[in-house]
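As a starting point, one isolated chain is supplied in structure tokens, in the form predicted alone.
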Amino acid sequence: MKKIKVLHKSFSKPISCLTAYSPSIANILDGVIDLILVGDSLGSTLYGMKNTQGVTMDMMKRHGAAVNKEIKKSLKVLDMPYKTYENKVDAYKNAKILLDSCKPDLLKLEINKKKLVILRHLVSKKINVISHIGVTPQSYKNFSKIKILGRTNKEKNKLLNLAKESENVGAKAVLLECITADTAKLITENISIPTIGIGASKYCDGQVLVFDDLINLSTKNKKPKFVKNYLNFAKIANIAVKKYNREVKLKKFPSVKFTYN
């Protein structure tokens, strides 16, 4: 399971991927989920940022290292943050920092045509990379401006070519974000490396979600259409918090069972 070959098209079942930003969550996911992603979505999820552009190398290093301690079986993926791979020199320097401090199996970069040269350079340095195409959140200051891609033939062909070029320069997989189902199907059928989708339909070779969205940890933000809640943690936690508060007020907690003699 710890081999990159899990990312081959011949892998027997679709690839599952979830985010983790803390050791406790990583421990829950390890060995159950194929890929565990320390994503720059931690900016909005943990730090209350409006976008991912404020996520720093220090944040990724800190959370990446913390998560790494708990992962023994799943593959570890780490996002390179905004503006850390604008040129080949910076990209390799920052990639090395993340690899040395967090020990991920793969790094993920948001790619456009201009950044293919950077992807190629990292691959030439024997770094395993996932190419993130389609909607690339680091490009947006305001997520409300995000629009689904692949609805026109021009967009379809542009995304297909970018996926093919990502494969040609050596990407291990392509992550497709917020693209139409027929475009995702077209790409998946025309490249030999796996596609992992988020808001990109069942036609991908795998799927990724933010763990906090999966369990409905935050009820404040409107969730994208592609998010499915598998557990209403916010509701369950609210019940527990109210019970705790009531017991404290009534001096039922701590009882003798929870007291040292």
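Note that residue numbering follows the sequence shown and begins at 1. Note that the structure is a prediction, hence the values are computed from the model and not measured.
Although it is not shown, the form predicted together with a small molecule is what the next lines describe.
Novice: Please pick, from 132, 172, 76, 115, the one residue with any non-hydrogen atom lying within 4.5 angstroms of the small molecule in the predicted complex.
Specialist: Among 132, 172, 76, 115, a heavy atom within 4.5 Å of the small molecule in the predicted complex occurs only for 132.
Novice: Tell me, which of 29, 204, 193, 208 has a heavy atom within 4.5 angstroms of the small molecule in the predicted complex?
Specialist: In short, 208.
Novice: Indicate whether the small molecule has at least one heavy atom within 4.5 Å of a heavy atom of residue 33 in the predicted complex.
Specialist: No, residue 33 sits far enough from the small molecule in the predicted complex that none of its heavy atoms falls within 4.5 Å.
Novice: Is residue 37 close enough to touch the small molecule in the predicted complex, meaning at least one heavy atom pair within 4.5 Å?
Specialist: Residue-level check for residue 37: yes, a contact with the small molecule.
Novice: Though only this chain appears here, would residue 105 touch the small molecule in the predicted complex if you measure heavy atom gaps against 4.5 Å?
Specialist: Output for residue 105 is no: heavy atoms all beyond 4.5 Å of the small molecule.
Novice: Specify the contacting stretch among 173-181, 159-167, 141-149, 86-94, defined as having any heavy atom within 4.5 Å of the small molecule in the predicted complex.
Specialist: So the stretch in question is 173-181.
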